[in-house]
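Okay, here we've got a single chain as structure tokens, the form predicted alone, with questions on binding and movement later.
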Amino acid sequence: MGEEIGFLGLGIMGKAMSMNLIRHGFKVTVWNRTLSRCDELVEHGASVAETPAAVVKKCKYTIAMLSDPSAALSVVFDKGGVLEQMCSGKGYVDMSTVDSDTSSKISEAITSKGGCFLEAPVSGSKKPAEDGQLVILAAGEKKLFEEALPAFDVMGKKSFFLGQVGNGAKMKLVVNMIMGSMMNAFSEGLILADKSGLNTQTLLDVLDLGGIANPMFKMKGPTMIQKSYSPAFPLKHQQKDMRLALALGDENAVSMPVAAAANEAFKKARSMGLGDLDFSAVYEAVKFPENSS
């Protein structure tokens, strides 16, 4: 990927990922629906394009990091979208978390224009994105995966190639479904400890020394106790991933009662106005279930 790279979507993740590319010497052209979000990247050397189509026209490879399936589809198919300038010799890498059907639709559209497609959702939130420590779950065109590796190596610590389009999306949804279910169990445990008269910090210390010690408990526990929910991964996106994972369960006739209960807690948190906070704010919905309105 010696050529200029396009980057679509400068939210929490996209901004950190594109900044890493710039810092490591890649030439980057950026686009965001709210163009003012591009200003900080421009200060660090990025160029800005007015539309996704303009990015694709200028760059051999374009990466997208968008919030949900509808955003991922609109950037490709809408007026001024990716498809208008997609052609043979160009590659499109969608790193958004979407369902496999959305990924397949985008893949078919890109390849019908002669382009190459790779889905590459990531495991990791704001801090891993800033530190270039994401885990990249790619599927699709193997040649494009190999060409993208220098950029992936800057944005992530490990890249997996999972085969056909849809497998990356499915793997990401399974990972986030487990994460969302764990966060609910963790919230219930913190509340149970507190209501039982136990010190919640001591619970965190005990968990960290046992068989279920993990980075999420270690990082999120102290902030949850302090009711600090600065968004590393917004709760509304976690709930979207639970919904998509449950749909994948329906498709494959997999009973998922734990994930379904976790999804209800995230929905309750959204109804309490917590959607833009970190997904750990589900703690508030578990703690005060009667507050949903």
Partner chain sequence: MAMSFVKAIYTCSLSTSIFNSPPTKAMAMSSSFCNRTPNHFSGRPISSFPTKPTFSLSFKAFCSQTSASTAKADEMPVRIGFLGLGIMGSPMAQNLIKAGCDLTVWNRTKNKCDPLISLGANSGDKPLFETAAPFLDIMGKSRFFLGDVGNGAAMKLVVNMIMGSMMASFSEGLLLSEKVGLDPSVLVEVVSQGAISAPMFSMKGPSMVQSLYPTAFPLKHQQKDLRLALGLAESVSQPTPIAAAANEMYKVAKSRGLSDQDFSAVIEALKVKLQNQSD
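Only a predicted model underlies this, so the values are computations on that prediction, with no experimental measurement involved. Positions refer to the first chain, counted from 1.
Here the subject shifts to the form predicted together with the partner chain, a form of this protein not shown in this document.
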Would you check whether the partner chain, in the predicted bound form, lies within 4.5 angstroms of a non-hydrogen atom from each of A185, N199 and N214?
yes
Contact residue in the predicted bound form, chosen from I191, L83, L73, L144 - any heavy atom within 4.5 Å of the partner chain
I191
Is there a heavy atom of S255 no more than 4.5 Å from a heavy atom of the partner chain in the predicted bound form?
yes
Does any part of A259 reach within 4.5 Å of the partner chain in the predicted bound form? Heavy atoms only, please.
yes
How about K79 - does it come within 4.5 Å of the partner chain in the predicted bound form, if we only consider non-hydrogen atoms?
no
Are any of the heavy atoms in D205 no more than 4.5 Å from a heavy atom of the partner chain in the predicted bound form?
yes
Out of the stretches listed (83-91, 177-185, 109-117, 147-155), which one is close to the partner chain in the predicted bound form, meaning heavy atoms within 4.5 Å?
177-185
Any residue of 154-171 that, in the predicted bound form, places a heavy atom within 4.5 Å of the partner chain
K157, K158, F160, L162, N167, K170, M171
